[in-house]
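Each of the two blocks below gives one form of the same protein chain as structure tokens; they are labelled structure 1 and structure 2.
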Structure 1
């Protein structure tokens, strides 16, 4: 069977198994093992455990639980609620203010963590309940956090950008800087949408109330005078201290990126112990337990998806598909479109790390020949891969949300995320028209290439 036919079969079987309701992690593992059995040398089956172990045994990947712990310590303790009350007091007049606050919180956390699901979890664990408490619809609350979480790999530090820089032989420093402009663009787009959406939800809630329906929390008329607002300010201190502490450790050269994960988690725990007296095992066990649940679920999916992508790579599926596209000798922008489309399709099943490793060696040379700046493309590809993180069937951020708020149905989440997918697509198009959004910042700081 040729690799492309095999690839289609692999995709179809995966979809069937996943939609059967089998846990994603086991589904990926089982499909991979099945294809190994039928299409690969028998010896391959003896290597699956070592493969999974070697993929998982990296401090870069395993820093995810620690980032989640850091987020949970703030988000699931009174620190999270206080932070959001303060934000609410200051921003309640702005339509969608809380949504905007969450997008900014995601961006700030993204600058401390290299992974998207960790960002999503950290901000979502307090952000989603707070937004819902204040009347936001579950789908919108889920969508904005899932999308905001994707900033984790667009803003530095970023695991996937590191891999891309090596594969593309581009400067990591330049790539990191190039992610900042588009990161800000996405923050603006998401915030703008939050305003629009909140206005609409408010109107609907108001109309429903007028017709004798339930009174949504949107309509609660709260008023905070200036001194009340100022009194609220110290409540953001734990979060701000954590933010500054971690930033100084990371960018001041005290800690390596993965050490920052441990340091940040510990700092968060110390902060809530000092400020809120939350330190007894009984008090801290709920959020450590939830961290363990969430990170185990995530790491199992990531570990198995790396096994899944190993089989895909061995069977030469992704490489053949990429080669096939390259051999079409398309015009410059067609080539880009088809390649990005392919990244989206692979994003159905694979996490960004695997997509980069398998596709880059084949798609980058022709893109370079076609005249694309590979730094710019790295940023565009990152955004497109981010879209994969928030669309099914395998969308790590969606699973994180499902875990934080199990009562929001998958359907609601998917619909809630959809507008953000469109916004990200818009960002990609804007980047094609105005490449300077990405390249201006690195050019300014590092000189034009």
Structure 2
């Protein structure tokens, strides 16, 4: 059986097993083991444990549980709520200021947690009720939190980018830096839409009130005096300091990503102990339990995905698929469009972790031959995978929002996130036209490659 035929069979069997309802890690491991049994030497089965161990024995992957612990400590304490409240107090005078506050809170929390669902849950649990209490439509309130949560896999420290750096064999520090410019771009696009949408909803509410309708909370004039604003800062500043300190340690060359993750996790635990008095074993237990569960799940998926990729490589499936793409002789930008379309389709069914580990061996060689910067592509791919987090049928962030706001219908959430999908698409187009948005910052701090 030739490699391409074998590759088609490999893909079909993988889809069948995944659609059977088997968890992703078990599905990938079962398919890889089955193909090892039928198409590889019998002795290869004896090396499964060794292969998985060797693939996962990466110092870069060590940072994942530590970043998860940092995110859990901040996300499951009142830090996320206080961060949101402080930003809202300072931005309440701006049209759509509450929406902008949620975007900024999501961005800052994402930069501390590195997880999209954690960002959605931490900021959404406070932000959605507040926006709805002040008259924001349910779809808009849900959409802006779901979209803001996606920043968790783009802004450093991003767990998804850590995996891409491992799979693509690229510098993690450079990749983290490359995510900052596009992250700021998305924050600005989301904030701009929040202003536009809030003004539109305000006009509708005002017109309805003028015609004798009920007065919307949109029309209430909320006020924070300067002393109230200043009072909110002491609880927020330590965590902002933590964020800045971690970034300085990482990009200043004072610590490796793993050391930075350990430092961030330790300081986060110390801060919640000092600021919120969370230090007793009973109080810390949820953070540790959550970290162990999420880390175990994620690392198990990574291990099985790496075994899956190893089998693809051994059977020459990934090499043949990459060569087949090259032999199509597509133009540079048509090749990129086809590959990103594949990422979007995979995003309908798979989380970013699986997409990266399954697709990188196939798509990166043709992109490299075509002359694309793999750091730049990692950022573009991450934004496209962000879109997968907020579009059906899987759309993880959609279901996180549904969980924290069960009274908002799924239809309202889906329509609420749709404008943000268009904004993300616009960001991808801008990155293609102006790649310096992603590459300028790492080139400036780390030198041109």
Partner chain sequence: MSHGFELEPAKGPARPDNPAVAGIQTVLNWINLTIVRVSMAAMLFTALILTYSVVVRYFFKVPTDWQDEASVFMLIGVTFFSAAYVQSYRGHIGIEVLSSLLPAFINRLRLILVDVLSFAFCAFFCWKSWTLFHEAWVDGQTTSSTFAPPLWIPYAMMALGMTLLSVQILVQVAAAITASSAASKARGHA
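Predicted, not measured: the structure shown is a model, and the values here were computed from it. Residue numbers count along the first chain shown, from 1. Throughout, rigid core stands for the largest set of C-alpha atoms superposing within 1.5 Å between the two forms.
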Please identify the form predicted alone: structure 1 or structure 2?
2
Residue shift check between structures 1 and 2, rigid core fit, residue 442 Cα at least 2 Å
no
After a rigid core superposition, would you say the CA of residue 46 moves by 2 angstroms or more between structures 1 and 2, or not?
yes
Comparing between structures 1 and 2 on the rigid core, is the C-alpha shift at residue 371 2 Å or larger?
no
Inter-form CA displacement between structures 1 and 2 at residue 329 - rigid core frame, Å
2.8
Aligning on the rigid core, one finds that residue 271 shifts at its CA between structures 1 and 2, in Å, by 8.1
